[in-house]
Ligand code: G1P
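First comes one chain, alone, set out as structure tokens in the form predicted alone.
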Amino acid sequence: MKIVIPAAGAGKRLYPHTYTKPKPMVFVAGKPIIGHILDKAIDLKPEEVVIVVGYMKERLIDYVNENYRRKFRRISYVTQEQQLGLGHSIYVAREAVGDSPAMIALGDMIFKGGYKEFAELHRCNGQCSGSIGVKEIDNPRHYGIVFTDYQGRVKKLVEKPKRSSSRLGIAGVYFIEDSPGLFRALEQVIESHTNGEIQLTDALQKAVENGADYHTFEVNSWYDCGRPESLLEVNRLLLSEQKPSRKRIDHSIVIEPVSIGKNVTIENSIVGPNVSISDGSTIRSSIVEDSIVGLHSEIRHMMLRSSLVGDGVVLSGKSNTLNIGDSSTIEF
């Protein structure tokens, strides 16, 4: 089995943080989003990991090569020259995937468990064209929606319907046994496409019309890292799963769970709970709670709560809730 990770988008919903980095490189709980996704994929021992890259791809490729090259049999990269949607992103990986079964894992979704658990649920569906992870949701107009029959077979898929009798939202993880069938369906959708993004949901529907036998499996907890308000929720979840940092900080108080990177300086401060501080950052005479601090940033004389701070930021002043991009300097 191969793993396909579409990670080419610009991540506009995460501006200003994605002005200077691709969305999968946004930090949460001590490492970029792509790092958490790859960590959870190691146990699957895939034949190959295929990462679809595009926007600011060099930064993502450098990080993955430096930190994960030895953890997988093979990692390859496919470039999506134009960001034409998730369906197109998967289609450009067709030669790298070939006839192999594939797991598709979205580059901005993190799950509480690992993908190995999902693989077991897929296998329980028996012989089929593939399995789609789903979760009961309240707002179907924001998701791809799956309709099933009484035996759990997929009858129909619709992308962001205005009204829906089904509440089964697509959770961002797919196991595809018939990869050639999906790529044929994607090609049909692309050939008939006129405007807007090319949706993977539409291709899966076309595959069903062509005779594909898809089933579903339930995903208990999913976390969309594509929105600023959800990043802090994901940060709390991942920090709760990690072992305590056990770093001793003189003249400061650290309240677990926290993630403290390399070469971090903390002086006369209270840090935590639910704080992630990336490499090379400094916290002085401050209180930081429920926040993410990027690389090589400096915070002094601040009280931060529920804040996202990018890379290379300097903050000095008073209490606030902030969403600050990279390379900023703010003084109050």
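Note that the structure is a prediction, hence the values are computed from the model and not measured. Numbers for residues come from their place in the sequence shown, where the first is 1.
Separately, the form predicted in complex with 1-O-phosphono-alpha-D-glucopyranose exists; it is not shown, and the next lines address it.
For the chain shown here without its partner, which stretch in 212 to 220, 197 to 205, 253 to 261, 70 to 78 has non-hydrogen atoms within 4.5 angstroms of 1-O-phosphono-alpha-D-glucopyranose in the predicted bound form? Contact criterion met by 197 to 205 only.
Does Met109 reach 1-O-phosphono-alpha-D-glucopyranose in the predicted bound form if we count a contact as any heavy atom within 4.5 Å? Yes, Met109 lies within 4.5 Å of 1-O-phosphono-alpha-D-glucopyranose in the predicted bound form.
Would you classify Leu238 as touching 1-O-phosphono-alpha-D-glucopyranose in the predicted bound form, given a 4.5 Å non-hydrogen atom cut-off? It does not: once 1-O-phosphono-alpha-D-glucopyranose is placed as it appears in the predicted bound form, Leu238 has no heavy atom within 4.5 Å of it.
Spell out, yes or no, whether the shortest heavy atom distance between Tyr143 and 1-O-phosphono-alpha-D-glucopyranose in the predicted bound form is within 4.5 Å. Tyr143 belongs to the contact set for 1-O-phosphono-alpha-D-glucopyranose.
At 4.5 Å between heavy atoms, is Glu117 in contact with 1-O-phosphono-alpha-D-glucopyranose in the predicted bound form? Flag for Glu117 set to no.
Just to be sure I understand the contacts: of Arg123, Arg153, Arg167, Lys160, which is the one whose heavy atoms reach within 4.5 angstroms of 1-O-phosphono-alpha-D-glucopyranose in the predicted bound form? Looking at Arg123, Arg153, Arg167, Lys160 one by one, just Lys160 meets the 4.5 Å heavy-atom criterion.
Which residue among Ala171, Leu186, Ile104, Ala93 has a heavy atom within 4.5 angstroms of 1-O-phosphono-alpha-D-glucopyranose in the predicted bound form? Spelling it out, the residue with a heavy atom inside the cut-off is Ala171.
Interface residues of 1 to 37 toward 1-O-phosphono-alpha-D-glucopyranose, as seen in the predicted bound form [heavy atoms, 4.5 Å]: Residue within 4.5 Å: Arg13 only.
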